[in-house]
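In structure tokens, one chain follows: the form predicted alone.
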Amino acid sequence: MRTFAVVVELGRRSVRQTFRRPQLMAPLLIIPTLLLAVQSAGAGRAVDLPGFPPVESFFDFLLAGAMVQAALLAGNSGGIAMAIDIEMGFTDRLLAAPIPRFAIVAGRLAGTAAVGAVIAVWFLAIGVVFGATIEEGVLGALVMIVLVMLAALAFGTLGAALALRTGSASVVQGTFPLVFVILFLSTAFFPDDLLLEPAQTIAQVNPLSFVVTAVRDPVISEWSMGELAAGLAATLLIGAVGLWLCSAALKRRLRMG
């Protein structure tokens, strides 16, 4: 129970830290929201292309992509915040405290997951205001929130691993452009049938495509357990790899002092 209390308190601190620093919070909401607005307005006729899946509007199709993009940025921001803690010496004080080492990382990830839930609610509210139709109703919206929260948690493990490995906020922040590379090489903004090679092949095996498809499914169609299971499996895979990297980076940092 004491360890759980430590994780909860560190998670709360992580959330407060994110909301108090505009450079951490603003990109999570402003950039994906603006990109959603620009793409849906400027390329709305894309739904008329042969092979485009049946949707009410391009906005409906892009909504899930914007949510997962924000979840990716949340993971990156969590890594930046953790690197700042390392640079300031706060992490060293935690390492010297009588608490389990994994609680330090778990607290940061708990905060990232909470931010992911806020992000999901934000974009669902935008979707409802601007006419997006969630085919599966309230239950579908709840599933989307859970999926985005888990995605933010999974992406947060990668950000935390990089922060522990480098201890530099600037290095973690330097990976920011990779978010867009990974996104555009997935089905976040266009179906894979309309992508050119080699982007099409990459998108078909990109784990992010499965996550986006699972989040999008309640918006544009009826339930598909296969899509949901694939999205959850991809999220777990990303999280497992990230946790392994976190463990290795933390052991290295402890060994090096």
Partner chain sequence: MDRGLDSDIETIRALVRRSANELIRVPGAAVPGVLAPTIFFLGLTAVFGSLTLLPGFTTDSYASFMIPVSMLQGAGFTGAAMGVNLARDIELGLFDRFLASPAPRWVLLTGLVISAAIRSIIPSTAVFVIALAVGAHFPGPLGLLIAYVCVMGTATIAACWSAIIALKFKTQSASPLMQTVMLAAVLCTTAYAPQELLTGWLATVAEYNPFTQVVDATRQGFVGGVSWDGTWPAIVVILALTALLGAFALRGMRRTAY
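Quick caveat, the model's predicted, so the values are computed rather than measured. Numbering follows the first chain given and starts at 1.
Omitted from view is the form predicted in complex with the partner chain, to which the following refers.
- Taken together, the three residues A37, D48 and A199 all come within 4.5 Å of the partner chain in the model of the complex, as judged by their closest heavy atom.
- Residue contact with the partner chain in the model of the complex: A43 places a heavy atom within 4.5 Å of it.
- Using a 4.5 angstroms limit between non-hydrogen atoms, F210 is distant from the partner chain in the model of the complex.
- Within this chain, V181 lines the site of the partner chain in the model of the complex, having a heavy atom no more than 4.5 Å away.
- Although the partner is absent here, I30 lies within 4.5 Å of the partner chain in the model of the complex, judged by heavy atoms.
- Listed stretches are 173 to 181, 143 to 151, 111 to 119, 73 to 81; the contact stretch with the partner chain in the model of the complex is 173 to 181, by a heavy atom cutoff of 4.5 Å.
- Residues are counted as partner-facing when one of their heavy atoms sits within 4.5 Å of the partner chain in the model of the complex; in 88 to 125 not one qualifies.
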